[in-house]
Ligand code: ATP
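Next comes just one chain, in structure tokens: the form predicted alone.
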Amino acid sequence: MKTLKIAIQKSGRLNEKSVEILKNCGLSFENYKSSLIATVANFPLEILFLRDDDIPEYVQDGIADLGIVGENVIIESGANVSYLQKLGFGKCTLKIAVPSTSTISDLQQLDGKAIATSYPVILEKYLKANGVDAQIRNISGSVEIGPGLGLSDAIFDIVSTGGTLKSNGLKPFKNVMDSEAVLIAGNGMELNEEVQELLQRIQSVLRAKATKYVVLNVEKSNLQAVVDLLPGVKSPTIVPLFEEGWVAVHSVIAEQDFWEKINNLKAAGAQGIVVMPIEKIIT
């Protein structure tokens, strides 16, 4: 059985969540904070801790079989890899931003202007697609200082909350792309048996995170109205209660619909609603 290698960010905004999702998959490993490689004790897997910019090419070249990295990094690198699963964390938007005092209101007004960025490939594609001929200045590090130092008229960078832009006297101007962490594989590796096993574990963790387990009591006369609100994984489980005419309903609710569903269930006659987290859902 081949020992797989998965590359994740050594430090930065994706590291903690990448480690968390692997551990939630039941993988046992230690010393990951002080080492470049960690061996998983209960699965044929080694974890490589790398710079995020290096991960796509390591996967493309077969040095690592799998990787967890942001979509923006993959596109910027141009690496030829397979997307296996979006992971729901590390979400951000790549935006063009201009000084707060700028009068630029239309993308075409950036024609002939200088834009500072650490993502010249993504920016160049976007500008070309929109017929804008701007000067792209590739800067590593603090792109936000570009306009303040007179290096550029605008910037193009990752924006999570917008706080950094505001503190540097900038305002968002155009959203270019949304990004999140993705599980990637080298071409052909998606068919590997161990890769499929790990992918199934990750998907079960993601499904569980997106749902809540619900148990409630309802009179039989109101049962259909409640069941119509609770599709469950396949269908709700109905259990008779000791009190005549009452049943307990077991099901799941999507996290994003949680409060709306709870209010609708109460209106339909549900009582004694108990909501619990789910560790994993395997279909």
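Residue numbers run from 1 along the displayed sequence. Given the structure is predicted, the values throughout are model-derived calculations rather than measurements.
Beyond what is shown, the protein has a form predicted in complex with adenosine-5'-triphosphate (ATP); the following relates to that form.
Of 104, 121, 127, 158, the one that lies within 4.5 Å of adenosine-5'-triphosphate (ATP) in the predicted complex (heavy atoms): Of 104, 121, 127, 158, the residue with a heavy atom within 4.5 Å of adenosine-5'-triphosphate (ATP) in the predicted complex is 158.
One stretch from 84-92, 168-176, 129-137, 208-216 that, in the predicted complex, holds residues within 4.5 Å of adenosine-5'-triphosphate (ATP) by heavy atom: Checking each option against the 4.5 Å cut-off leaves 84-92.
4.5 Å heavy atom contact, residue 70 to adenosine-5'-triphosphate (ATP) in the predicted complex: Residue 70 belongs to the contact set for adenosine-5'-triphosphate (ATP).
Distance check, residue 12 to adenosine-5'-triphosphate (ATP) in the predicted complex, heavy atom within 4.5 Å: Contact with adenosine-5'-triphosphate (ATP), yes.
Any non-hydrogen atom of residue 53 within 4.5 angstroms of adenosine-5'-triphosphate (ATP) in the predicted complex: Residue-level check for residue 53: yes, a contact with adenosine-5'-triphosphate (ATP).
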